[in-house]
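Presented as structure tokens, the chain that follows is alone, the form predicted alone.
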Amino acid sequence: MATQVFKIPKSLKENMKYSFCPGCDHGVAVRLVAEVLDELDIQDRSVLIASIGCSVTAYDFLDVDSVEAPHGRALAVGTGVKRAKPNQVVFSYQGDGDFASIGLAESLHAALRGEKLTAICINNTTYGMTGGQLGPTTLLGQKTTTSTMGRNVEYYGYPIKIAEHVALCDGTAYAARVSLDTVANIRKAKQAIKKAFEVQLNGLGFGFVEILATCPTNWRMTPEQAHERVRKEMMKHYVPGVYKDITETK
């Protein structure tokens, strides 16, 4: 008798038209979130805070209550939702530009306050939705539509290491960086996302996961080439790992 080993998570909407570019890792990341919501049995009381960028279409896929925040304000909005409805499981799904550029103050102060929120940040080193401009995580030497000669320190400064910065905040309970370039790393990413939700459920503080992801369209690469770039370039600067986990230190 055949055994079904792969199915659509209950927390994903059915028959939704896929809107991400071919090879984009957002599709994998959103599915992982849905699987975690199912496994923790929290779909019915979860609230997604989506902000501007490619990440905003997460509410087209996740079958949960959702709020669209202004650009960069996801965790400010999330703070309001969580404080008004403390029994709800509130999480943001953001891009690196949204989380770490225009929204950096909101992001870090939510972590510093120890808000009982879960934040998921997709790091693809570019502003994907608006045409591939230089973002806060663009690597040194990387060419974008607004850094045609490559990012240099003298003009643009250094790229921000988000997971490390969030880990330094006293209110952070969990901070990790993961990747989606291989099946093994996808499994690790799911474990990290689940842990970031669990610290919220246990009232321990702010939970954060940075996901290294591809943007084949703006990188002008095939999906295979894009994942190779993640391995050979991104991981050298953005080293995957758990940067803070207060449950391991108690």
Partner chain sequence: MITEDITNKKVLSKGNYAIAKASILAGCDCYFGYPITPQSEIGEYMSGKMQELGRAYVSAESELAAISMTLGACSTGVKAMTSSSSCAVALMQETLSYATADELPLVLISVMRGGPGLGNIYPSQGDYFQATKGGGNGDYKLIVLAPSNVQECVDLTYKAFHLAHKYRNPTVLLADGLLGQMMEPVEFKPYPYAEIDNSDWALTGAKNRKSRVIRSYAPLADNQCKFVEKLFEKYKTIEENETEWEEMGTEDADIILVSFGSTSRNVKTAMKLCREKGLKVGFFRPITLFPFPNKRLNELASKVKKFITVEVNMGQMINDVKLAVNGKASVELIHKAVGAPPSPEEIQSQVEELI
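Note that the structure is a prediction, hence the values are computed from the model and not measured. Numbering follows the first chain given and starts at 1.
From this point on, the text means the form predicted in complex with its partner chain, which you will not see here.
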{"item": "Candidate site Ser101, Thr137 and Thr146: all three near its partner chain in the predicted complex by heavy atom within 4.5 Å", "value": "no"}
{"item": "Answer option from Val67, Leu40, Ile186, Met221, heavy atom within 4.5 Å of its partner chain in the predicted complex", "value": "Val67"}
{"item": "Proximity of Ser46 to its partner chain in the predicted complex, heavy atoms at 4.5 Å", "value": "yes"}
{"item": "Ala29, heavy atom within 4.5 angstroms of its partner chain in the predicted complex", "value": "no"}
{"item": "Touches its partner chain in the predicted complex: Val36 (any heavy atom, 4.5 Å)", "value": "no"}
{"item": "Any non-hydrogen atom of Leu204 within 4.5 angstroms of its partner chain in the predicted complex", "value": "no"}
{"item": "Stretch from 151 to 159, 119 to 127, 137 to 145, 84 to 92 whose residues place a heavy atom within 4.5 Å of its partner chain in the predicted complex", "value": "84 to 92"}
{"item": "Residues of 99 to 118 having any heavy atom within 4.5 Å of its partner chain in the predicted complex, listed in sequence order", "value": "Ala105, Glu106, His109, Arg113"}
